Each structure stands twice: as C-alpha cells, then as structure tokens.
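Coming up is one lone chain in structure tokens, specifically the form predicted on its own.
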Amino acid sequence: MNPEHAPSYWAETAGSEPTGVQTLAGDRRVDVAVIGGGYTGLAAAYRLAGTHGLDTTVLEANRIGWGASGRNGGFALITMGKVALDERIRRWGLDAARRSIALGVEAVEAVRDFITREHIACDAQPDGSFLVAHRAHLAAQLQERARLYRETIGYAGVEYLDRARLERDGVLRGSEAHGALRTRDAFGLHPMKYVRGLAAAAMRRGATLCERSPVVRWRRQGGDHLLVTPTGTVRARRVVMATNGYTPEGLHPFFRGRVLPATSNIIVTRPLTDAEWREVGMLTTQVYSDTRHLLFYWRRLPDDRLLFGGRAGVLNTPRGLRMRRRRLEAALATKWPGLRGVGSEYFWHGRVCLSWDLNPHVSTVDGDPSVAYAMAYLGSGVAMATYCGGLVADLVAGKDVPRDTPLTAAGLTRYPLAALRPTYLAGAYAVYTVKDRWL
C-alpha cells in the first residue's frame, strides 16, 4: 500500500504537510496510544494531551490524513448514521431521536470551534446543506421530513424549498431538482487542510504524531499494550482505535467482522464558466446531496470547479475505477445536460465505514476498558468524527461519559456471517440501483 496521499484535488491544493510529524524511531512508553491519524485520532490526541494532560502518541500507518479524512467531499453535517428520522422515533423513542439531532448540531459546532480557536485555514464555506428530491414524488417526503424536524423534534434549523424557489434563489436547476430540504447547521470545507490543521493543533497541545508507522502487531504484557511497528514499539497503558473504514481485521480480535468498508468516489471538473454555472443554477457554495439510496453529492468549490461524488464499487480494480469515473461523469451530465462533455480533471476514491446497525459508535471493547474506539460514521464523518474523537478521549481517560446516548449506549455489533460482508454490499448495491432508477 502506497503511504503517500492518493492523487486528488485536495492533495494538490492543500499546501505543505504539517511540520513536526515524525516516524516512530525506537521504543517509547506513553499513557495513551492512538491508532489512526485522521479526524477521530487527531481530535482524540488533542483532548488527551491538551485537556487531560496525558502523554499521547498517534500512530498512523501512512501520511497524516491519508484515509477518508483527506479524501472525503468536505461536508460538515449534522448527519448521525443512516437510520431515518421517523425510524429513530419509532425504535429509540422521541427523547433519543431528539438527542441524536442535538449531537449532530454539537458535532458541527465542534468543527467550527476547532477552526476558530486553532485558526485553521480550510476554506470554510457559508452555512447550509441541501437534500434534493431527484424525483417529483419525493418532494412531498422532504416536506414531511421538514415538518417532523420542526414540529416533532423541535429543531428549527430546516426549511423546505420548492422547485420554483430553488431556481429563483439561485440554489439549483435541472430535471432532478424537484424541491429540497435545507439544513442550516452544515458547511463545506477543504478536508485535507482541515485534517492538517487538526494535526498541528494536536502537536501544539503536546501530542506526538508518528506517520508511516503502521501497527503490525498488538499484544498485552501485564497491564500494558505493546504496539509493534516496523521501526519501534509503543508501550501504552491505554489505546484508542480510530481507524474507521481502514480498520485492520487481524490487529485486535474484538474488531474482526464488526465494520464493513464501502467505496465512495469523487470527480472534480475543470473550472466552469459563468454560463455553465447558470445552467447548473448554483450561485451558492453550500453543499448538496440527493435522495437516492446510492446518493450523489456535490458542491461548488472556491475556484469554480464542481465536485461530484457517489457510492459504488466492491473491487477497486483499474477497470472498475475507470467505469466508476465514467459513471460519475455520465450522472453529472444527466443532471445538467449543458455540462455534457465537461468530463473531469480529478478522480479518486476512499472508504466509508458501515456498521451493522447503521450507527456510529463510541465505546470500549468487551471486557477491557483500557481499549476504546470511535468509528462507523457511514460516509458523514467530518463533523461526527471530530466530535467522537473528543468523546472517546474522555472515555479512555476515565472521565464520566454518558452511556445512554445514541453514540454510546451500545457497542459495535459483529456482522452475522462476517465473511459474507462483500456479498452483502454487492447485494445492497444491486437492490438500491434498481430502487433509485425505478422507484
């Protein structure tokens, strides 16, 4: 596996790597070792070293932000998992459903707080996200969802915009823009600039960051955890697992079979002309997704390029990746025929992390409170991973963390017949493709 960043628009425009990051050289003893140098791990290290005063080392197998934290679309959202709001109310009860929305808002605010407090220059955009009805009959469902948010949950940060208003207000045009739900608490950013800003902030707080330092073996010795890398061993009293969709199956027995990585793919066009943007109808740099099960998501970048992404793919073969790029280019042209032939200048992919119950989790491993984890953000991790990093830091530091929230009430469940996870994913893709096309 190449430890350097995947070629992407983000990698090309992020500037220099953070200074002060090292590669583990020799052995060391620490209070807490954090495995994973993305949003979760860096936010955890920031809290562990800066708030709790614990000697903390982050071990990242590749470059800081190499995984999803440097590859995502840059959407900071209140989204928590994939359980629909009405289903949360039925299954969890109204209080827990309300708490899930409040947690999402807190997560977005956590990102904003980092950006402001640590002066992170990450091209943060104006507030707002749009969920767009890609078929006419789905507009009524978005109207009902807006009512549910406002009247049942008591969250006033949403509004429904009909098709005419979308076009009149310069929000969106096109044959797949039949109405939209706007959420106030959301914004776009440059994900790699943000993760590098988190890294610099964690180091200023006293954390040690080691990249190109993959943990290849993990064993216990007395009350300590020994994390072995090719260039040294870290002996830690406590460990935070912050690897999300890149969690190694065999490193610790608890994590075997508990998450399912899925691939998300992104293209970025050349800078569009004013006429092309009028065709799209987007005069805003807020962030967008549609109502498909296998959703498309997009945003206007500060240099007038269009970022456009979507979920697809089980095997990342060269042929499969070429087909996914063409599929995204074709989908973009379907939404806005005036962009047919624009193509893309950048294409890359990364992993999102799915859990069996479609929720993120922050907890400790069964029978061992010295190992904590936060993961499974289901494709919406910019805000939630930042928030959960702080939460898991409090948990492993022994602080009083409420264990009755939608994030902490239950741990990760192992997938039934875990060896069949790729088959589950392929089957879901097939079913959802049919639903998105015909229903």
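Remember, it's a predicted structure, so these values are computed and weren't measured experimentally. In case it trips you up, residue 1 is the first one in the sequence shown, and so on.
Keep in mind that the form predicted together with a small molecule is missing from the display, and what follows is about it.
Shown without its partner, this chain lists Leu391, Val32, Ile35, Ala372 as candidates; in the predicted complex, only Ile35 has a non-hydrogen atom within 4.5 angstroms of the small molecule. Residue Ala68 is the only one of Ala49, Val396, Ala68, Leu407 with a heavy atom lying within 4.5 Å of the small molecule in the predicted complex. Stretch-level contact analysis of 100-108, 247-255, 321-329, 122-130 against the small molecule in the predicted complex, using heavy atoms and a 4.5 Å limit, identifies 247-255. By the criterion of a heavy atom within 4.5 Å, Tyr387 is excluded from the residues contacting the small molecule in the predicted complex.
In the predicted complex, the small molecule sits within 4.5 Å of a heavy atom belonging to Phe75. Contact check for Leu54: every heavy atom lies farther than 4.5 Å from the small molecule in the predicted complex. Interface membership of Arg351, defined by any non-hydrogen atom within 4.5 Å of the small molecule in the predicted complex, is confirmed. Using a 4.5 angstroms heavy atom cutoff to the small molecule in the predicted complex, none of Ala180, Val268 and Thr291 count as contacting.
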